[in-house]
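Okay, so here's just one chain, in structure tokens, the form predicted on its own.
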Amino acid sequence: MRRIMVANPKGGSGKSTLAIHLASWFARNDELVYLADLDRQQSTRNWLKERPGHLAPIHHWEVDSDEFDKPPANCNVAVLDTPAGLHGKRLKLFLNEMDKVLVPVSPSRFDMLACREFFEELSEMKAVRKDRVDIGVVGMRVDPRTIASRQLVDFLQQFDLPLIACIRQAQRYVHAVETGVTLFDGGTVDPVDQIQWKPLLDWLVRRR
């Protein structure tokens, strides 16, 4: 079973967008996928309700916000969408149960400042220090033509964490959140999106 957590201490960083697309991609590739939502707003759970029935199924995984409820035994891929402000004992609790952790970061100074402390906290966690959990960073809403996006890349290079991929800003992601249909649910994926998502998907399926 693959267990993937999407985490960032700040709201609006793209956690839910990233989580639903990962769940959708794995489901489309015939994996039995469960998606959990720890956020009070329940964005991904509401997204599941909007997902058309003819698409590859993604199942809801109920997780207590203060405990870790293991995914069902038949699960192949478990994706955990976490709330803003996750830290301390709760972060450690969930981190210890994961194989991969993705930290989406947008090219905003507020995002970058919030992530600095988060990266430092992650590095102190025993599961990370013992190399039992792979942690990767994903740039969200990145436009390489902008100064802000170049500053994001420079900022992330300060840390001993791999920048796995940079995902562009596009209206199709907003549409995916509203309709339950992701980029991976339709026909052919735009070549630009294929190039941007490939290193991330390869990193997720790679065995340790």
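In case it trips you up, residue 1 is the first one in the sequence shown, and so on. Note that the rigid core is defined as the largest set of C-alphas that superpose within 1.5 Å between two forms. This structure is a prediction, so every number in the text was calculated from the model and none was measured.
Another form exists, predicted together with a small molecule; not displayed. Remarks below refer to it.
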I need the one stretch from 53-61, 23-31, 161-169, 145-153 whose residues put non-hydrogen atoms within 4.5 angstroms of the small molecule in the predicted complex. 161-169
The one option of 177, 48, 183, 38 with any heavy atom within 4.5 Å of the small molecule in the predicted complex is 177
For residue 178, is the CA shift between the shown form and the other one at least 2 Å following rigid-core superposition? no
With both forms fit on the core, is the shift of the CA atom of residue 143 between the shown form and the other one 2 Å or larger? yes
